[in-house]
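Subsequent text provides structure tokens for two forms of one protein chain, presented individually as structure 1 and structure 2.
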Structure 1
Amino acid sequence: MSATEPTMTRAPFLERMMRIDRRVIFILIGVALIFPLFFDITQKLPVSREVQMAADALEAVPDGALVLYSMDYDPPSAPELQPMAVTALKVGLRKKWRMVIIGLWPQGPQQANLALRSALADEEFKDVRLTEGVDYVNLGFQSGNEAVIQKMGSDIPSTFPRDYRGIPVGEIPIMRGIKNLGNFDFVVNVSSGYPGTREWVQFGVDRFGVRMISASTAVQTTEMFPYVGRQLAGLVGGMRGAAEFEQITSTPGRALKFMVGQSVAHVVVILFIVIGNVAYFATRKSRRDK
């Protein structure tokens, strides 16, 4: 071997692995996350107790029930929460619930409309024809945070005097006879923070006795665990929870696909950790000799 040959070409494979450019690792992880999205691949996941409870609670709600969906999130949280909202709405469509949608976050009602459109695009519901105002209604956003929930406990028509389209609630068929939270059979809360699940527990559950499940971002899920089995009938947390929720309700969607990408990316990270450690210990003696 020539003395002028670049050091890199003389280096053994493991030494080269020790000096691999971190940008290569970032690119490989990006490819691992994106590549599975182009294929119809899903993976079987063990379902957590909290998600199982949420699915069981929804299954126990009778067909044709009146269900309130509080969509308390915005687009930055949509990658995690939108699949949960879509799944919860698909369950509602399957059970022919009368669905009333509100938002304690300004963008919540728009996210709900997008989620409902995605749910209706599913092959299972291609023949479903919903009439707005009869089968469902989007009452839109109302400011006031937890005060909105408190007011809904006594008088919903004055809390949401008009729906998302500007139609007075008194002229909306599905709203006839609805006075307060006690008229709802169940509540589904999709929550990204404040106001959200914690406020629904404090005012909707503890004060007015509504039954509800929460679908939360991963970062706030740990704060919700103490409520599970008490104030919350179930909890769906983070992307993993969303994928389990799709699996157990037999409504496969984006979360299950995203989990495949996450799993492949984790495998890539673990491989580089193993290679890095093997290379470090295998080349330690030669580095000492230098």
Structure 2
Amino acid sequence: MSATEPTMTRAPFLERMMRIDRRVIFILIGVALIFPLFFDITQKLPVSREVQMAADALEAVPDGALVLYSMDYDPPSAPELQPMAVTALKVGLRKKWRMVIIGLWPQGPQQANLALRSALADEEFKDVRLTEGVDYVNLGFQSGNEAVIQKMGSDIPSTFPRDYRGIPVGEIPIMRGIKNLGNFDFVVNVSSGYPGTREWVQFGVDRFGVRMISASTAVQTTEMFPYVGRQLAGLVGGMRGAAEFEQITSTPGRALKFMVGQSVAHVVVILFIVIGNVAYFATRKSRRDK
């Protein structure tokens, strides 16, 4: 090797800590998320104000009330939202609410069906026998986004002329006497974007005065916080909110289990951020000198 050839030097340890290969991060996050699923670990969570409000609002709805479930999400957000939908339906089953299900998203009604199947599979409800059309109805999807909510404010039968099986609403016993949103005692909205909670607040709450809670993805939750207290009677946000919701309603499910993995993953991310910043500050002087 001649004297003019550049010598191969290993980057100092701290420099390398600032540029950790993303594959290393991916593997560690994968392990952090998957590993806890093999253990039966439960965590007691402090319940946040907005989830407590949501649980209190549902508790205040009388037994046998008429409740609208607007399921505005699809499978990509189901890992977060499905546990919330299942919990909200379990509360409805427990309180013997008459449940009307709709979807502003095409896949929402089918997600609701899956959630109802999960809820009914619970040991607590093994003796419950629901009659479709009497105890609950799934009116399916209707296109039109916020225009659907606006129309529901004046005339629900013309907005949803048939249920998702094709039966005219006039022949569905639970729909008798339901004219508009004012007939519902409460609205539960499970939302992962547009159209969703924001449109329900703008049209359903502000315009027609419905009382509602929202269950939304963690990404969307920050946007919904300003509505909590006035327009929203409660807010269940993200996996953490879903886990709190299960805990406070005494319906333990998948969110409490998934929360363990999320806890470990958060710690791993924080460790990487700390390592990156320590390395950044430790090498700052040498970078300036260069």
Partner chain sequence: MRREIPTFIALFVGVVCIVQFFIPHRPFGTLVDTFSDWFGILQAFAIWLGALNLLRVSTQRTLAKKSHDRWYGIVVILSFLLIAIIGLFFSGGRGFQLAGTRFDYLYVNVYTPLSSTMFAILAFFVASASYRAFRARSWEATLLLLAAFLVMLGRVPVGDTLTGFLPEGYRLSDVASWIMTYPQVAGQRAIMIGIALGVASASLRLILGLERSYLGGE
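Bear in mind the structure is a predicted one, so any value in this text is a computation, not a measurement. Numbering for residues begins at 1 and runs along the sequence of structure 1. Throughout, rigid core stands for the largest set of C-alpha atoms superposing within 1.5 Å between the two forms.
In this comparison the chain labelled structure 2 is the form predicted in complex with its partner chain, and the other chain is not. Relative to the superposed core, Glu223 undergoes a C-alpha shift smaller than 2 Å between structure 1 and structure 2.
In the core-superposed comparison between structure 1 and structure 2, Val61 has its Cα shifted by less than 2 Å.
C-alpha superpositions between structure 1 and structure 2 give a turn of 22 degrees for the smaller rigid part relative to the larger. If you overlay the core, the Cα of Asn277 moves by 9.8 Å between structure 1 and structure 2.
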